[in-house]
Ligand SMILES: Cc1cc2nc3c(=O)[nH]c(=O)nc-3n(C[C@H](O)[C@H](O)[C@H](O)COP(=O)(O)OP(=O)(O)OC[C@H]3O[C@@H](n4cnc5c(N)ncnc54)[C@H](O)[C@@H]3O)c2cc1C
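Okay, so here's just one chain, in structure tokens, the form predicted alone.
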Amino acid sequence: MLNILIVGAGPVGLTAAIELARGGIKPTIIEQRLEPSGLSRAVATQSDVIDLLEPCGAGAAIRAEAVSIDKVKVYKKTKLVATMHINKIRKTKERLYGIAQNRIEFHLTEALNKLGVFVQHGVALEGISQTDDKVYTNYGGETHTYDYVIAADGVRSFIRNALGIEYDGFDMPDVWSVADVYAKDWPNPEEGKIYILPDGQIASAIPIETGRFRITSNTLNAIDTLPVKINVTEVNQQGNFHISIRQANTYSKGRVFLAGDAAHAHSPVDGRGLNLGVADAADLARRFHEGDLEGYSKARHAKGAYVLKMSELARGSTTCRRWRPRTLVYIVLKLIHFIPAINRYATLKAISNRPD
């Protein structure tokens, strides 16, 4: 049996571990955090990604707990410009769900434990090297040898940096903010809302459970940036962050493979990061079982490049400060709003990671 180490126990690492274990390969999985995260982090989950998690049981649990986001409304300040009708997409199972990342991790961990694999928390990788047939890692004061290593250790990936894999792209100078809140009397709480504001500012509010919302903005205070009043009863998390627009120039080097944020990073505007990372992990695990590792980097790099392109299109169009491009954006949004065929096409593009 292959001896595989997974570094990182977020949704990407957990998915890789589950899918390997379901096929008879029980990996070692380590995580430098002392315990699972209690924060919301990623919030929008696509139905095709939940489908990937159905065989292990986590998909059904996630779908049962998540909020089905039936519509996403886009506003110019407080004036409705467009409604994307996710619940009206026909001939497809494509849907969008809101659920906090820590709850996804909970259900994935439950599924993994049932397969007899347990995360080693509080364990940080300290070194990695490889030969043609083995990977040598250092953690816990000892050297451990593996056949392969999967790096699911995030944007600042220790493994990617240690192996000298280029992470091409740039870091945004803007400071973004996020708030995970409970709120009373928020109108139409099952809808996602995006507010395009003057001077390139944006704010969004996405439901992640009944009465709980993830508010994000490219300003210093997401809650205050909302142009409408929100009656916050409890704040679970608030913070500021910078975003990176980057992609590794290869997703593999020797016997080491990158997945998730270790391989790609983009803005949170369209909520694709977790979905793309989970799909990376499921694809990589399948290739281990089928003996098709050679095709992983090329295939997933192409998927990542497409999602990066779509994410940047969404970010650039909603945060542009120049009046002519912004006017064009509002024209396109009006077309989406009033023409059903365009609405269906644009909505499907917005909630799918598929280029077709």
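All residue numbers are counted from 1 along the displayed sequence. These numbers were taken from a predicted model, which means no experiment stands behind them.
What comes next is about the form predicted together with the ligand, which is not displayed.
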Which of 161-169, 110-118, 146-154, 192-200 lines the interface with the ligand in the predicted complex (heavy atom within 4.5 Å): 146-154
May I ask you to check whether Gln32 falls inside a 4.5 Å heavy atom distance of the ligand in the predicted complex? yes
Please check if Leu284 has a heavy atom lying within 4.5 Å of any heavy atom of the ligand in the predicted complex. no
Is there a heavy atom of Ala9 no more than 4.5 Å from a heavy atom of the ligand in the predicted complex? yes
Is Ile230 a contact residue for the ligand in the predicted complex, using a 4.5 Å heavy atom cut-off? no
By the heavy atom within 4.5 Å rule, which residue out of Asn275, Asn102, Asn218, Gln247 makes contact with the ligand in the predicted complex? Asn275
Of the residues Ala205, Val178, Val181, Val72, which one places a heavy atom within 4.5 Å of the ligand in the predicted complex? Val178
Taking the ligand in the predicted complex, which residues along 232-258 bring a heavy atom to within 4.5 Å of it? Phe241
